[in-house]
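The data below hold one chain only, encoded as structure tokens and taken in the form predicted alone.
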């Protein structure tokens, strides 16, 4: 695949790039950002994948995530894909929580979404192959994290590919989309009414049915306006306890759902990943 570097800026001794490419999976142009720390000048470095939440693009975390200082110190590449296909020919949904900006990291099977909305294939196959071929990253040392819808994506990707990722964390994730309005709307719209097809995209259901990772780090804010209805961290807390999965669930007093929350704890998450990637 041919890539186009849309922008490149030096930061913290490394390089922050925004990249566009034609995506066979999503059948449109896709854009992602990648930060390469100064250590990448001397060889391949570990990579942290960051999946964003509803309405976001790569730009939200790139501009507000405050990850570059920690990534430069720890020698971590940081990749942030978009949340959905985009373009004049890409169908859109009703509301902010379905359609463009809300791909939910699944491969849609329902019309008209199935032609473009193939974010599962994009983030688990196409984009990793592209990044590995074009940039100095060590694909034997991968970690994944994300926020909200992207936290859901990070958890489900890691649980489906436990041998690929050395660590997984999440900020305010949707842990059980099958049980909350955001997830029920998206999974019905993209995958249809058969709930058996939803299971691989529900972290709590995956853990309950035997999927395992070594440990998990999850942060939620106690002032998050979506905490009780959409996020429901107590469900993954219970599932991990029942399954013997080591979960560190931190309820951060007074923090909400915004990037003020994410940026506050980003460096801590990256240090946690770096320990497991070393």
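All values derive from a computational prediction rather than experimental measurement. Numbering follows the first chain given and starts at 1.
Only in words, not in the display: the form predicted in complex with a further copy of the same chain, which the text now covers.
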query	finding
Contact flag, residue 264 vs a further copy of the same chain in the predicted bound form, heavy atom cut 4.5 Å	yes
Residue 13: touches a further copy of the same chain in the predicted bound form, heavy atom cutoff 4.5 angstroms	yes
Residue 242, heavy atom within 4.5 angstroms of a further copy of the same chain in the predicted bound form	no
Any non-hydrogen atom of residue 268 within 4.5 angstroms of a further copy of the same chain in the predicted bound form	no
Proximity to a further copy of the same chain in the predicted bound form (heavy atom, within 4.5 Å), stretch among 150 to 158, 68 to 76, 187 to 195, 135 to 143	68 to 76
Those residues of 35 to 68 which, in the predicted bound form, come within 4.5 Å of a further copy of the same chain by heavy atom	62, 63, 64, 66, 68
